[in-house]
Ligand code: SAM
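One chain comes next, on its own, written out as structure tokens in the form predicted alone.
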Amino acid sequence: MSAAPLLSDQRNRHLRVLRLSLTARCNLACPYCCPDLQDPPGLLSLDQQLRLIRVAARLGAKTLRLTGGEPLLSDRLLPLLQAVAVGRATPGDPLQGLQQVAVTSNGVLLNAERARDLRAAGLDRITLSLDAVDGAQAARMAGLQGGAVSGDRLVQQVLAALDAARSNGFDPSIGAVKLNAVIQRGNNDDQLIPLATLARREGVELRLIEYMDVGNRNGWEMDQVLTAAEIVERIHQCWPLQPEGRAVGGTARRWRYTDGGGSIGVIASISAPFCGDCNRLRVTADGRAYTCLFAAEGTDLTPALHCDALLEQLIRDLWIRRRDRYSEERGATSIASPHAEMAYLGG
């Protein structure tokens, strides 16, 4: 099948990234994310997932990111990766257009065996999460009972996951494994330097995320946001940083340590939004498509998931109508609008 014409929305943004959620459930209960206890009914089948990914690839998607909730909880992850890998290796298959397949995980379930299986199934990149180094802080940020003991266990699990990923071919020097941290003023901002210290020691890029107003459950307030500028300045005071900019369509503005200690990325959805070149389509585990992380309503794709042509037309029409730029418009109104929950959307 020939490639479809380049797809452009109302702001001349092209579809380049498909973020597909496999589950809304999580084995952590981070208060800023507030995951669901169970999945919505009607999870997409493997055939439906593959049809969706193929159509997105034909429409221009170059990156597939599998998310949750916690995607390692899903028994759909490995079979889907294996099927995508077959397509990427098959001449004429639209999946050959995928340049990167990635997973976002909290790392708790990522042991050496699972990392080996994911790599063998064609996974290119994995991003792990850790919001604190101190045990008590880590437990609070992850919504865990048991205080410092539980938090210390979580920190060790994530460090073991980093080691498992690195030992099975996910090379941090080329960005194949990274570490995410959400920074919330007055909650875990004192963990910023300890997290940077850990990432420098582990040789992994740390991506620091401003606390976002996604969903309706997390009690977000603007004064809880530690801005990207403040994050960079605090780290710069310890280890001087040199700016490297943000790739077109990327979420993180990157900085490199001048002493050769690696790099950080800062995701500034609040203080320096990047709506102007946002290229991501999010699809939930039950088949609803969202063209913005901060959207309230999605488009149900399931009526078209039995037919390539119908699905392509539905996604094409959705994207062509797309005008979202919530983060750029956030400051223009004092009226709070409802959003879909982060764990349901897949982040």
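Position 1 is the first residue in the sequence shown; the rest follow in order. Bear in mind the structure is a predicted one, so any value in this text is a computation, not a measurement.
If you look for the form predicted together with this ligand, you will not find it shown, but the lines that follow are about it.
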Review point. Any idea which of 223-231, 74-82, 158-166, 102-110 reaches within 4.5 Å of this ligand in the predicted complex, heavy atoms considered?
Key: 102-110
Review point. Does each of 63, 251 and 292 have at least one heavy atom within 4.5 Å of this ligand in the predicted complex?
Key: no
Point to revise | Interface membership of residue 33, this ligand in the predicted complex, 4.5 Å heavy atom rule | key: yes
Review point. So in the predicted complex, does any heavy atom of residue 67 sit within 4.5 Å of this ligand?
Key: yes
Review point. Is there a non-hydrogen atom of residue 170 within 4.5 angstroms of a non-hydrogen atom of this ligand in the predicted complex?
Key: no
Review point. At the 4.5 Å heavy atom threshold, is residue 212 in contact with this ligand in the predicted complex?
Key: yes
Exercise for review: Would you mind picking the one in 121, 198, 192, 182 that has a heavy atom within 4.5 Å of this ligand in the predicted complex?
Suggested key: 182
